[in-house]
Ligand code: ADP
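The chain below stands alone and is given in structure tokens; this is the form predicted alone.
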Amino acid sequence: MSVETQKETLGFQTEVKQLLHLMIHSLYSNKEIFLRELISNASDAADKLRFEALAKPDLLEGGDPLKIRVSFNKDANTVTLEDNGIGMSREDAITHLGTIAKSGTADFMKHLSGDQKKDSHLIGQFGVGFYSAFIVADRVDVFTRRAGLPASEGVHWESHGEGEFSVASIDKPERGTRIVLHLKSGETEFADGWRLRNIIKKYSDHIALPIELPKEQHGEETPTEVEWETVNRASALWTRPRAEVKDEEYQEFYKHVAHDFENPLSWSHNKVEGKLEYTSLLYVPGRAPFDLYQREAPHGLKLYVQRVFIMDQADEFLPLYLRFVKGVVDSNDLSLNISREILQKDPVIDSMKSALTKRALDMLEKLAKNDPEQYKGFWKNFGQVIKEGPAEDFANKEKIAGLLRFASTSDDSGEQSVALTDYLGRVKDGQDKIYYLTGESYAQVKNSPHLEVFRKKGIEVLLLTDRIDEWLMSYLTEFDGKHFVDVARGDLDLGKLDSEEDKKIQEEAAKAKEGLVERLKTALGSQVSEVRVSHRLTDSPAILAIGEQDLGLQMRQILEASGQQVPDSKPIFEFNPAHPLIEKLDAEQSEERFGDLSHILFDQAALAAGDSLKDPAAYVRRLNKLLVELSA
């Protein structure tokens, strides 16, 4: 073995220590996945070399075919995995094998609970690649050299999977990486050719690179040289006809592409021929990654050109609201030496993006139609991201709207399970609008006074409580020819849903209360933009409506929280002329008492709308004064 020089011992990043502890002490019932993870990494290393060699052919160092070799030694109780891919420099080894350079690490760590069963599941979600070696090994040696560096700049990385690892310089004539796993005493089953062969066939058959094992010898003589045989199919899965690919193969390929431990919810495999030629294989994950809401986090599809890997996260092929979609796109129409800058300007990309976006939306439509229960799970994980769609993708606005799910007054569960097509299937005769109400919480909107007239007439209202909803509805103006109407905004007009008799009663009530309207305007002054008789209320005395062009409460709170200036606007005060409190107010002779009662009603209406009071102390003072008078 080569002489080691410049040896240093370093400590693992804190997060790695936590992961290793969990893996070593609690992990998988399915230990064999360590081999899948290491083979997946080796495949990525080969992809990266192939790509870098497009610009620097010398990196191939003689052009030895790219491959992965897995071997074992029963006597030494080791498993060795070797690739001739890109390899690592000393700095690479310290960075890649000593830290977790992945966005969302902090969020991931926050979710760890100390419950080993739950935490092992979380690790599976996060994807840990190389560190899975310590599930079966109590020592791991990595011998590596980056392609293009001299043989003297080889690196030996070693760790027992505890707090530290060591790095030393060695001579390594051949490029690439060799990983030697010194198996724990209870894991000798993996130092076996038959066992390794079965694991590779099960998890890594889709890898486009030959995975070789020593050929099993049935004679008595030991050959002087090891004969190797390829044990996987060694062809890119996406290039095979769909009819030839089993569901299990699609699922394993997803785990390789997405670095996920769970099966995907759905996938779509398509070959496009004609003006443009490309193959795509798109997946919808089973659960959300930790960095889903970090819009700047890396995302996108693996890009291949004529089966040569080009880019790991090409984000130009799908819009940002579909950033959770994983997969591969392989084009015949892009140049092999394409860079990200050229990619952003290529008109072929625009055509592919448009087609792939429709393909992804069709996949979600199909999931919603064929498996509503699975789609319910998808919506919980990704619904808020899909809601970004109507603002970003005007061309597919109607298609995206069909995928949205809402809570509604037709269902007391509070679940977001109502599709717009469901809603339209239940509309009243003469109803030409889709009614909705936004708010901070389901409890608040469900009990909002704004719904009283809708309950009385049996009209369904969608209840929107996600922070993004008011912003969403500013872009989603209609669906299937019917306009959306915010029931808390402007002057409510129910059109044909109000009978002529209803309209006549409303006009008479407005005329009869003209004097009260003027008194309230004087009492409330600059707090309101308008005072009027309400047609929305049946049980409550008063509500606050929002002006047609004004920001709603959700948007105001979002802007305020982000430190932006919020345009000044005042609510419309509406009162219920038939309510006993309003009748008492109308009969009140004392203007001072009338003013106090008016302000109490105004503040109560603000609270019912989910708003905070501008002057809580004044509200309490007026309310206490009223209670004292009543008890006197």
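It should be emphasised that the depicted structure is a prediction, and the values quoted were computed from it without experimental measurement. Heads up: residue numbers just count along the shown sequence, starting at 1.
The next section is about a form of this same protein that is not shown, the form predicted together with the named molecule.
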None of Gly402, Pro372, Gly129, Pro214 but one has a heavy atom within 4.5 Å of the named molecule in the predicted complex; the exception is Gly129
Partner-contacting position among Gly327, Gly154, Gly87, Pro289 - heavy atom within 4.5 Å of the named molecule in the predicted complex
Gly87
Counting only non-hydrogen atoms, choose the one of 563-571, 598-606, 35-43, 49-57 that falls within 4.5 Å of the named molecule in the predicted complex.
35-43
So, in the predicted complex, is Lys397 in contact with the named molecule at a 4.5 angstroms heavy atom limit?
no
Does Arg467 reach the named molecule in the predicted complex, with heavy atoms at most 4.5 Å apart?
no
Should His259 be counted as a contact of the named molecule in the predicted complex, where contact means heavy atoms within 4.5 Å?
yes
Answer with yes or no whether Leu494 is in contact with the named molecule in the predicted complex, where contact means some heavy atom within 4.5 Å.
no
Going by heavy atoms, what in 284-309 lies within 4.5 angstroms of the named molecule in the predicted complex?
none
